[in-house]
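Below you'll find only one chain, the form predicted alone, shown as structure tokens.
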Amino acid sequence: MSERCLVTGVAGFIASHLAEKLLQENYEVVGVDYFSDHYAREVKEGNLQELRGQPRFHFAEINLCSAELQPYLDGVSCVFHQAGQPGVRTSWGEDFHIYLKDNVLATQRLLEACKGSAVRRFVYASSSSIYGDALDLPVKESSPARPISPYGVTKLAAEHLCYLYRTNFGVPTVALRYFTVYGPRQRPDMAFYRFITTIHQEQPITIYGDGEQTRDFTFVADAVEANMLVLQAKALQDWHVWNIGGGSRASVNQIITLLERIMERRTVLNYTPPQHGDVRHTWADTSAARRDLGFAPRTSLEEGLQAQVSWQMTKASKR
């Protein structure tokens, strides 16, 4: 009998890829999502196309903040908690309550439901945003956690919840700190998606800041592989967090130059002031994940961007 996994936020970008990988590896998947309105439901429904109808995939449209969660944990041995409200810039102001609900309360309720269950591993999808503007690069898991956005604060709070439920109740939690994941099915509000769309439409691109800010970019298949390595790792006796980066650090200006070459089009750049909460640089030290899990990103930035461009152009041609 195949092992059963719960994937939250399964209609999202990373989680839908993860669910597909689990099915390919002969796991049974219970996927849950409540289709928040952060972006269009039709986009998320599209993410589920390869999953719906597969005999080992079971979907439920539920809200982690209000649903009775115990039935969805029945027979589940591994939980991949990918659900959450994304976005640094939109986490300020009146919408902060959404981040508290979907990132903190949802995590607490899921952890509470896992107390005393047969779950052997609980993998929480955290974020490089918890580091804020790190002074020492590349950042290690031991680097100070000083988020500079409300989004980062809620992701860090949920990490702390995972730690305390492990310490107090033995829920077998670990956390993966993703660094800027990209690739096919990337959310439409994310930078690469917007850059590709704008270049294709031959429109100017708005750049916040001088474009020299850098990110450690991680291809989605590499992020998925990190989750699979945690799933297949030997028993983890202690609390662990791991940086998951792609080893493809580049500036925004370099990214646009690369996209122009891939797409064989030029664009105009409009530089505007930086946005509140945007960090200047991210760069992951992934030596702990390599040592503990055997994690090694396989997709170069150019290969990953070519894959995302191909996917977006195919999608655009079908409209």
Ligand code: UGA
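Quantities reported herein were computed from a predicted structural model and do not represent experimental measurements. So that there is no doubt, residue numbering starts at 1 and follows the sequence shown.
Keep in mind that the form predicted in complex with the ligand is missing from the display, and what follows is about it.
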(message) Please tell me whether any heavy atom belonging to residue 252 falls inside 4.5 Å of a heavy atom of the ligand, as the geometry stands in the predicted complex.
(response) yes
(message) Please tell me whether any heavy atom belonging to residue 206 falls inside 4.5 Å of a heavy atom of the ligand, as the geometry stands in the predicted complex.
(response) yes
(message) Given that the ligand is not shown alongside this chain, does residue 180 nevertheless sit within 4.5 Å of it in the predicted complex, heavy atom to heavy atom?
(response) yes
(request) Could you confirm whether residue 108 comes within 4.5 Å of the ligand in the predicted complex, counting heavy atoms only? (result) no
(request) Could you check which residue among 260, 292, 278, 285 gets a heavy atom within 4.5 Å of the ligand in the predicted complex? (result) 278
(message) Please tell me which of 122, 195, 72, 165 lies within 4.5 Å of the ligand in the predicted complex, judged by heavy atoms.
(response) 195
(request) State yes only if every one of 41, 46 and 185 has a non-hydrogen atom within 4.5 Å of the ligand in the predicted complex; otherwise state no. (result) no
(message) Please identify, from 172 to 180, 108 to 116, 140 to 148, 230 to 238, the stretch that has a heavy atom within 4.5 Å of the ligand in the predicted complex.
(response) 172 to 180
(request) Would you mind checking 85 to 117 for residues with a heavy atom within 4.5 Å of the ligand in the predicted complex? (result) 86, 87, 88, 89
